[in-house]
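First, one chain by itself: the form predicted on its own, in structure tokens.
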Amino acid sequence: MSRVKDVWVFTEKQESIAELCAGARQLGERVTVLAVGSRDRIERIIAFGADRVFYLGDTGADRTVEDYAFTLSKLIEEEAPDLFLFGATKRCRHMAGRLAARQRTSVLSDIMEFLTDKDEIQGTQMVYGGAAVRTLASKSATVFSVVGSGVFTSLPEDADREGDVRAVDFVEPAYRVRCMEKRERGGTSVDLTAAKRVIAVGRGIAKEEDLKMIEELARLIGAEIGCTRPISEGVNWMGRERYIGVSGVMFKPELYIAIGISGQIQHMVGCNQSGVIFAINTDTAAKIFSQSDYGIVGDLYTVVPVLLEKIRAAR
């Protein structure tokens, strides 16, 4: 695979920068990060793999991330990067769409893998609920792409790396979105993409109160809890941010424990890059066993209490 000359990275989430920088280094000769927020982030951004940083400024009472769209558009016209990678957040998707439209092109969304040559940049994405893979190609001067968490693997942080930093003048937008009020989000919040260990539950869980034993297991092994779509959007036992699958979270934890999950492709595309997959299911023919490193055929209401007992005894 050939490399393009200049790859840009933009995301408002600090935890996504390391992954995107690692991917940009694979794809391009030079990595440029467009940074918004506190200026003290810049040294870490360079340590993550950036060759240069365009510092756009801080957000605050008078500016939002969206206000920088005109600033970014001006930079694109001046610098003409080959590829522009965005994190898969709502704000980044919005920003990618606006910038691509101004360049009279479209966005390659939810790309899983890139291929580059001298004439075009290609990206693959899941379609039909994960049942097929589609390859898209773009020949626009700047290719815009949204990349989900887990597509690239972060490189070790290198505090000795050096890079160029340029402060960019703010371009006043033609119109602004003004924040009128902020409220605490109800319920719990979790970032499964940052977890090294994840336990996920599916329809094998009979009652919501039975999640307590799963929570204890997660606490004992230092894991976060996720779920399949029916648990999140069917019975609403868990928040949307815990749903794992093609239209939910996609990640690469070191350990993934699937409890009462059949292993349909729509779910497995979210977790099949895990380091180790361990499954518990009563059905010997469950699809998840074909993608698991370890498996126990048995009732979770029998297996999980035994696991809890053994772990407690070993502590």
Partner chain sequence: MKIAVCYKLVPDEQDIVINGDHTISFDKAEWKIGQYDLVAVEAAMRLAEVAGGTVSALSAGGKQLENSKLKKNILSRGPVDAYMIIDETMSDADSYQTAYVLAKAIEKIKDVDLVVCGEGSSDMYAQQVGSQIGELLQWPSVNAIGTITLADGKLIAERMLETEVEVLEIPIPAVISVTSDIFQARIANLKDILEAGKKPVVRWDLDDIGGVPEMSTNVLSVLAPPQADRRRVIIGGDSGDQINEFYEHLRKEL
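Just so we're on the same page, rigid core means the largest C-alpha set that superposes within 1.5 Å between forms. Positions refer to the first chain, counted from 1. This one's a predicted model, so the numbers in the text were calculated from it and none came from an experiment.
Quick note: we don't show the form predicted together with the partner chain, though the next part is all about it.
> Among the candidate residues 167, 80, 194, 177, which is the single one with a non-hydrogen atom no more than 4.5 Å from the partner chain in the model of the complex?
Result of the distance check: 177.
> Under a 4.5 Å heavy atom criterion, is residue 272 part of the interface with the partner chain in the model of the complex?
Yes - in the model of the complex, heavy atoms of residue 272 and the partner chain come within 4.5 Å of each other.
> Would residue 252 count as touching the partner chain in the model of the complex under a 4.5 Å heavy atom rule?
Because no heavy atom of residue 252 falls inside 4.5 Å of the partner chain in the model of the complex, the answer is no.
> Using heavy atoms and a 4.5 Å limit, would one call residue 55 a contact residue for the partner chain in the model of the complex?
Because no heavy atom of residue 55 falls inside 4.5 Å of the partner chain in the model of the complex, the answer is no.
> Given that the partner chain is not shown alongside this chain, does residue 31 nevertheless sit within 4.5 Å of it in the model of the complex, heavy atom to heavy atom?
So residue 31 does not count as contacting the partner chain.
> Can you name the residues of 268-292 that have a non-hydrogen atom within 4.5 angstroms of the partner chain in the model of the complex?
Heavy-atom contacts within 4.5 Å come from 272, 273, 274, 275, 276, 277, 278, 279, 280, 287, 289, 290, 291, 292.
> Taking the rigid core as reference, does residue 230 move its C-alpha 2 Å or further between this form and the one not shown?
Indeed, residue 230 is displaced by 2 Å or more.
> If you line up the core, does residue 290 shift 2 angstroms or more at its C-alpha between this form and the one not shown?
Yes.
> Using a superposition on the rigid core, decide whether the Cα position of residue 17 changes by 2 angstroms or more between this form and the one not shown.
No, its C-alpha moves less than 2 Å.
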